[in-house]
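This document opens with one chain alone, in structure tokens, the form predicted on its own.
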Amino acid sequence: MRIIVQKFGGTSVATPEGRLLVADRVERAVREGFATVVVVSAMGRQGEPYATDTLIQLANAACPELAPREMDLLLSCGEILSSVVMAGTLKARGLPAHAVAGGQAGIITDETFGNAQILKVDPAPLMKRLRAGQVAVVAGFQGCTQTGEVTTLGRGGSDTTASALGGALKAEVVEIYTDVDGVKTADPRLVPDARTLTVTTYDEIAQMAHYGAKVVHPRAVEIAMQQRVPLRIKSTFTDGPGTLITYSVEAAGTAWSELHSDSPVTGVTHVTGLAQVSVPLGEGAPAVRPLFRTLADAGISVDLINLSPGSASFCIAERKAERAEALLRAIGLEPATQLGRAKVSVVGSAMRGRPGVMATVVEGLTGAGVAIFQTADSHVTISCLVAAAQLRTAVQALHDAFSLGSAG
């Protein structure tokens, strides 16, 4: 049995017109001989009646301290509604579609309400439906505990649902449909000549997602990589081939040239809403341990950490800057905080051990007049902290420096 998992995001299923396009994609897969599982997100985005953020606002208006268990029960309703409506749309096309909640699809999670981790996926419930010729329309973003409590999987949870089901069902491919035609070399809102990648690797796309690219959730990529299930990012609204995410050149067929291009960089990503914190530590740095423990205990994540004998500097979410300052002052430290920072990163598996990549980054940014406040790197990324006001200039400069544009 050839199995395909197709995931459709909130913008794809938000309108009757969009749902008809979704039905076209599903019907095509069935005609091609696939046993088809459809995973759907809640309909629409913030402000629309059934969107997840709208449900959160509804709950907070009733009780700002609603228990996580009750919040998850409410939030699961957005995807349930979407699955029922989408199943109805497919039935109107003559397809034998049935709506299925996450728990009914065999997704078992831990009890971390709001950000549950999948413990296992029992493929039996969906396999029974597929063998009967049904199209299973699964509510994404959710599962249930071993005791039957409804849980949600956190941001990007529908992508995670699709990857997890793809792995458990040994799907031929997991297709993730969005409102863009694939993974871009940069955010096209900032870089007009950003092009769509034909193929990329799990490692690269996971890093791009971790470093700000919004097209697919990094946890979904990691699950697909572990299960060796190819992902394809496509648009619901156009018929382009999209971006294939795979683990080897051989799996990509004729895509050798793109995976092994002359550029060491595949894409440029960015994260906004950051604050830079600098803390004098004194001789011997006795305050390093309580500094980071205090922030960790308060649930404040740090990034771009730079330690020297007399000081520490790092980044945090701008919205948490005031609280972080108060916590650090309470333990006798004197932090200095700069708001309005952004992180730009270049990502590419070909940069590993390749001289000159950092030089090109620095030359590209400084040549465009962008000040670099801090840097960090890994084997596939180089990140620079810049002023948020210079973000557009910085992303375009790096995109140009590595000749990533459509004419590059």
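We call the rigid core the largest set of C-alpha positions that still match within 1.5 Å between the two forms. Sequential numbering from 1, following the sequence displayed. The model shown is predicted, which means the values in this text are computed figures rather than measured ones.
What comes next is about the form predicted together with a small molecule, which does not appear here.
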So, D110, K120 and G166: all three within 4.5 Å of the small molecule in the predicted complex by heavy atoms, or not? no
Heavy atom within 4.5 Å of the small molecule in the predicted complex, from candidates P264, G182, P230, G103, belongs to G182
Would you kindly say which of E204, E325, D187, E175 lies with a heavy atom within 4.5 Å of the small molecule in the predicted complex? D187
Note: the small molecule not shown here; in the predicted complex, the stretch from 326-334, 289-297, 85-93, 187-195 having heavy atoms within 4.5 Å of it is 187-195
Touches the small molecule in the predicted complex: T11 (any heavy atom, 4.5 Å): yes
A213: heavy atom within 4.5 Å of the small molecule in the predicted complex? yes
Can you work out whether M208 and the small molecule are in contact in the predicted complex, taking contact to mean some heavy atom pair no more than 4.5 Å apart? yes
Is R69 close to the small molecule in the predicted complex, meaning a heavy atom pair under 4.5 Å apart or at it? no
On a core-based superposition, does V13 travel 2 Å or more at its Cα between this form and the one not shown? no
With a threshold of 2 Å on the C-alpha, tell me if R25 counts as moved between this form and the one not shown once the core is superposed. no
